[in-house]
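Only one chain is included here, represented as structure tokens and corresponding to the form predicted alone.
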Amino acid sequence: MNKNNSIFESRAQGNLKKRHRVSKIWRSSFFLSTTIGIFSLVILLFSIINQAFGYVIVENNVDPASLSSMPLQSLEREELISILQENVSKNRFKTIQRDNPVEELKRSELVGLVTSEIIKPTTLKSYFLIPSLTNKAEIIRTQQDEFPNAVVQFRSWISPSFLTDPLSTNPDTTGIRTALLGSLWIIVVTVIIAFPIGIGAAIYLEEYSSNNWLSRIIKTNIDNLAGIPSIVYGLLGLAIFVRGLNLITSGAFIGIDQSNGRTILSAALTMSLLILPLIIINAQEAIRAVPSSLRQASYGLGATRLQTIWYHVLPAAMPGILTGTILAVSRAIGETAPLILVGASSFINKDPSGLFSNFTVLPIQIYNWTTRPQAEFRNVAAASILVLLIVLLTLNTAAILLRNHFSKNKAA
């Protein structure tokens, strides 16, 4: 008997040591994977920041001092308009007036217009952040030897003017206002469309539908739709929203003169289809996690099913629902392929003003700039990536704050 016990104990000890070894191997693998992921993310961010700042050698086509004895930023609107009229051709001024009437522009916009149309700064050579910090003397010597009429400036490619200026073919004067507004318009409209529809579908599937073959087919198809490549949704949006529903998406049904349905509304509807499966699946999981006892207690007090869902189930599930929405929006804000198919422009300098406006978005402009031959467009693309990350983090932070708010209410 004692012999059998000792054999059993030795085997148990051996199995325990084996489990500990396996546990250490897996723990080390998880730690290594996390370390590699964090290290890769740090390298990516460092590479972007390294390209978004640094010294540049700039030469102006016209000396700003020859236009006014005072800095352009301190001039009044009338003076800036007068400078424009005196220094550009009549035909060019008419074109500017047609696209953006100068009387309606802000003073900062007029300063940017004078800079891009008259001063025309040209970056002859640009440097990344690390070479700028370590080889400043060599950069200055290069300017003096090769570009005696130019000046050396430390430039942050991401700046207030970069956010407020329209798109331009010149990397020195381009901004991202048009693309940034297009991205914000599409994301906001997408969330407005997809969020209530996704939550409504999840509530029906979890709280109202029976567990029959039809419900199982619907749930299986929703799971499959979450894994479909985004370009397929782009083709669907092109066929249905741009062409099939052209009368609605172009605004023609309310008298807006648009040639086709390649508008913000078409893009938002397409992106809504893209993120709907993610929202529905995560909302289903969050609703399913609410204890049945909460529903039974509500029914016991005389509440109807709708009252139970609205006042008890949804508030309890909202933290999980918002987590799913964060993931869905994070996917949508970086998408490019579906938007290209439904008509996003590669270059447009007119800001979107409504659902039926033509548009472009930040990811498309970033891709467009990285394909340009001028090296300075790489710096502009890096600055745009930083802006896109900031927008994404801002949206995620807002959703996290809402989630925490609902979590506190649930705990209370």
Partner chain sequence: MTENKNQPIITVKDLSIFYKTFRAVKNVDLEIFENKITAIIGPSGCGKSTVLRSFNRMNDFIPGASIQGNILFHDKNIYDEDVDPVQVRRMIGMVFQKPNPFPKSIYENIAWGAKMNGFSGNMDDLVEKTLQDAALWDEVKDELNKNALSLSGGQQQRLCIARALAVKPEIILMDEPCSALDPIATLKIEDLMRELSHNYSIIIVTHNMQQAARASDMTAFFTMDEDRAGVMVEYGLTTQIFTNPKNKQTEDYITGRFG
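Residue numbers count along the first chain shown, from 1. Everything numeric in this text was worked out from a predicted model, so none of it was measured.
The same protein has a further form, the form predicted together with the partner chain, not shown here; the description that follows concerns it.
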Which single stretch, out of 138-146, 317-325, 184-192, 303-311, brings residue heavy atoms within 4.5 Å of the partner chain in the predicted complex?
303-311
Contact with the partner chain in the predicted complex, heavy atom within 4.5 Å, among S298, N170, N100, T115 goes to S298
Exactly one of L163, L247, I256, L294 has a non-hydrogen atom within 4.5 Å of the partner chain in the predicted complex; which residue is it?
L294
Partner contacts in the predicted complex for 61-92 (non-hydrogen atom within 4.5 angstroms of the partner chain):
none
